[in-house]
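For reference, the chain that follows is the form predicted alone, supplied as structure tokens.
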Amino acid sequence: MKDHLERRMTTTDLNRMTARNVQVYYGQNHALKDVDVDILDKTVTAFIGPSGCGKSTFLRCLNRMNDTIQGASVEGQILLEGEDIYDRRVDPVQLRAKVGMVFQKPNPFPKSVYDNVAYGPRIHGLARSKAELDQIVESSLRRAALWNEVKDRLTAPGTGLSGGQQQRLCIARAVATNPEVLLMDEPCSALDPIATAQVEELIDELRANFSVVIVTHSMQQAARVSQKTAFFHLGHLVEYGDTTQIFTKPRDPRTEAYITGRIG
């Protein structure tokens, strides 16, 4: 499947992912309607909107996490580098190596710091030797701005780190497979302000190498970290554009109402 996706690597320069006419159903409930959006290369895209508006539902479409929810179905087209990720030939496990995910609550494996990061490269066969695996682990921890804090305790359990360190460990784990896109679902909601600032700074650094998509309830956070913003409301993608434009000159009155606090 990796080759199946990578064959199209040269088809687009700017768009990492493209969604067209995406519909999501949970049983009879039509949860997400007619979503069109482009996820650009080396860009942070923020999904904002009230609780239950569909932003996390759509985020989970991008790496087929909705496959794991009973009764969920997705229609429309979502392309990664021009290749349909819902094609029957695409292995969801391999896809998730290309479209990584960081969840709301830090969820390190009950393993050592080293083994948390090494897990993905091991199962996907990305290292041919222990030395290569060591290099991937160190590089990933450096990308997650965590190496200097944990380099002397790589064999210690990841669950023993602080909350902010655990979340950065989860980011290191996600980037260890060198994904095309990194999804983050409310990655700072369980963190204190200092840890939140560290993760926000990290997100800005990560976009040099990845496309980052972040779901956030915090409009201030979206304004700080993203270059593109998509506003969801009642299952619709209301507006998508440059973050500055969305926050200063929204085109849709519903967006303005949310930005100014009249709905939400």
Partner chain sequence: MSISLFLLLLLALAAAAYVAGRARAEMVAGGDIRRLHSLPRQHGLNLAIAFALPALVGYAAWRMAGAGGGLWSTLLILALGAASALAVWLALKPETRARNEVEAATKLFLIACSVIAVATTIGIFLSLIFETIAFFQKYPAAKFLFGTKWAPDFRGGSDLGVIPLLWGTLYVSAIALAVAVPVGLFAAIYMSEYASPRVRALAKPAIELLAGIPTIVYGLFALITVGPMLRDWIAQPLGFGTSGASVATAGLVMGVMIIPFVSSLSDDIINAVPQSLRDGSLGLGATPSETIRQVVLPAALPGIVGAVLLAASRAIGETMIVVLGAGAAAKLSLNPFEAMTTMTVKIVSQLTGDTDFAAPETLVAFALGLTLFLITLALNILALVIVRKYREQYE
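Keep in mind that what you see is a predicted model, and the values were worked out from it rather than measured. Numbering follows the first chain given and starts at 1.
There is another form of this protein, the form predicted in complex with the partner chain, and it is not shown here; the text below is about that form.
Undergrad: In the model of the complex, which of the listed residues (Arg60, Lys228, Arg207, His233) lies with a heavy atom within 4.5 Å of the partner chain?
TA: Looking at Arg60, Lys228, Arg207, His233 one by one, just Arg60 meets the 4.5 Å heavy-atom criterion.
Undergrad: Which pick from Val238, Ala223, Met65, Ala195 sits with a heavy atom within 4.5 Å of the partner chain in the model of the complex?
TA: Contact with the partner chain in the model of the complex is made by Met65 alone.
Undergrad: Residue-level contact is defined here as any heavy atom of the residue lying within 4.5 Å of the partner chain in the model of the complex; does Gln70 satisfy this criterion?
TA: Residue-level check for Gln70: yes, a contact with the partner chain.
Undergrad: Applying a 4.5 Å heavy atom distance criterion, does Tyr86 contact the partner chain in the model of the complex?
TA: The answer is no: Tyr86 has no heavy atom within 4.5 Å of the partner chain.
Undergrad: Considering only heavy atoms, tell me if Lys111 and the partner chain come within 4.5 Å of each other in the model of the complex.
TA: Heavy-atom contact with the partner chain at 4.5 Å: present for Lys111.
Undergrad: Can you check whether Ala156 is within 4.5 Å of the partner chain in the model of the complex, heavy atom basis?
TA: Contact check for Ala156: no, nothing within 4.5 Å of the partner chain in the model of the complex.
Undergrad: Is it true that Gly49, Met219 and Thr243, all three, sit within 4.5 Å of the partner chain in the model of the complex, judged by heavy atoms?
TA: No, none of Gly49, Met219 and Thr243 comes within 4.5 Å of the partner chain in the model of the complex.
Undergrad: Using a 4.5 Å heavy atom cut-off, indicate which stretch of 115-123, 135-143, 75-83, 160-168 touches the partner chain in the model of the complex.
TA: Of the stretches listed, the one contacting the partner is 115-123.
Undergrad: Though the partner is not shown here, which residues of 146-179 have a heavy atom within 4.5 Å of the partner chain in the model of the complex?
TA: Residues within 4.5 Å: Arg173, Ala174, Thr177.
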